[in-house]
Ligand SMILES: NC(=O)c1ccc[n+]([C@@H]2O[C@H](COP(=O)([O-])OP(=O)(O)OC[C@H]3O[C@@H](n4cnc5c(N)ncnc54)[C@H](O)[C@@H]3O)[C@@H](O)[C@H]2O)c1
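What follows is one chain in structure tokens, specifically the form predicted on its own.
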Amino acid sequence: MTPRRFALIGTGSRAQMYLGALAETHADAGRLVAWADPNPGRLDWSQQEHPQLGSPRRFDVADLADVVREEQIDAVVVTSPDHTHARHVVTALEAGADAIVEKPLTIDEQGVRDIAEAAERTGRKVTITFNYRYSPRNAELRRIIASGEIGDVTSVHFEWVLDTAHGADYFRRWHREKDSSGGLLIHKSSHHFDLVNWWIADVPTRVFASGGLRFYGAENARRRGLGERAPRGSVDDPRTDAFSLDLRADEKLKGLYFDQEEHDGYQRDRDVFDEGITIEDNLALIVDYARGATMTYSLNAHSPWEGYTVAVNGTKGRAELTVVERGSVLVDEDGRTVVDPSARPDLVSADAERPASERLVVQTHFAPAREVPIPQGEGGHGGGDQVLLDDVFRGPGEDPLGLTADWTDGVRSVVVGIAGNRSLATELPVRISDLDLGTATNALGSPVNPR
């Protein structure tokens, strides 16, 4: 196998998974030739963290097209902030490279139009890394539904809860600004909407949303009488608490962010209860699908435990998947949550009352329920990350369930969030057909079938 030549844009936390793969497990399949980040300190840290990468060419993102041509780049990995995805993907495609992009595909209608037009015009490949598809538990649910065991899908109930470690983190960093992330309906929920589209092999047609910022933010803090708070977690201030993140306590976060503030002033540890947060922390949607099913969906970003429940009702029965990813969030002797759960499992772990678990149960009409065995997965996102990386760097093998996602799948997921955001603003239901998607509308013309 001749190694493919890769460029990467954005060397924050999420990029480290791809850099680690190119440095170690997939070094024979791909080579990082060039990389860019507006913060040179993050490039320095990443190079020290992954010395096997050698010294890839550093470039300004404005020069991406030239780099693709000069370095004969095969694919560009985009792990930059969400609002930049469309610009980088389009540039990569038009310069002659494929694109591999973290979810979400983009955050708005303009981004959808731009990517769709570039992909169709150039014929280049866009892979969107929906790693939750690759998790064995989610694949088993897809397999059950595709088998026809529960019949034609009539409705889906999907609840996702983020705990006060993970959920709070979206309110400390750039994700807290809707102009940058599209809000949780785009940044986080695009994972979930893709899963439903994929599970039931259907496309969304109408969205009605409700929600708001009800826990985090300065107004909510005042309402609950939380008192004066430190503006950041990485400061010597006695007012820090379980919602404060001290970047200095985690080697990776310290190296990527705290130590690099001098270059761009970006603060990764802002207080979750301060001013200026423009995203929601509680969301509820009703989504209609082309074949007639309806989904009820909810997202909560301040739960004491983390995981999700999904129930799929069909004409022959019902499938229920329950996942507890972390059973509780605890604090250390200083009153702070632990940044890295793997480093302190005694403090941030599943407890005896609510153990970490995953359970898939199927029951057809007039029959007892049966539990479906779930293969063991290893690594992040329920065992999905490693399988995804194999797919990205070595190419997909047999794929009867359609695990690999392209830009059309990215469109089908992100339009639910785009329509949801419009519904939040107008307090009215929004039809997907009323969005200005340009040629991307073709991606919504018919339900999805497994590849």
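Quantities reported herein were computed from a predicted structural model and do not represent experimental measurements. Numbers for residues come from their place in the sequence shown, where the first is 1.
There is another form of this protein, the form predicted together with this ligand, and it is not shown here; the text below is about that form.
Annotation: in the model of the complex, residues 86, 113 and 178 none come within 4.5 Å of this ligand through any heavy atom. Contact annotation: residue 103 falls within 4.5 Å of this ligand in the model of the complex, judged by heavy atom distances. At a distance threshold of 4.5 angstroms between non-hydrogen atoms, residue 38 is in contact with this ligand in the model of the complex. This ligand in the model of the complex comes within 4.5 Å of no heavy atom belonging to residue 441. Taking non-hydrogen atoms only, residue 14 approaches this ligand to within 4.5 angstroms in the model of the complex.
Only one of 205-213, 367-375, 130-138, 147-155 places residue heavy atoms within 4.5 angstroms of this ligand in the model of the complex, namely 130-138. For the options 61, 53, 29, 387, the residue carrying a heavy atom within 4.5 angstroms of this ligand in the model of the complex is 61.
Only one of the listed residues (237, 251, 332, 264) places a non-hydrogen atom within 4.5 angstroms of this ligand in the model of the complex, and that residue is 264.
For the stretch 69-86, the set of residues having any non-hydrogen atom within 4.5 angstroms of this ligand in the model of the complex comprises 79, 80, 81, 82, 84, 85, in sequence order.
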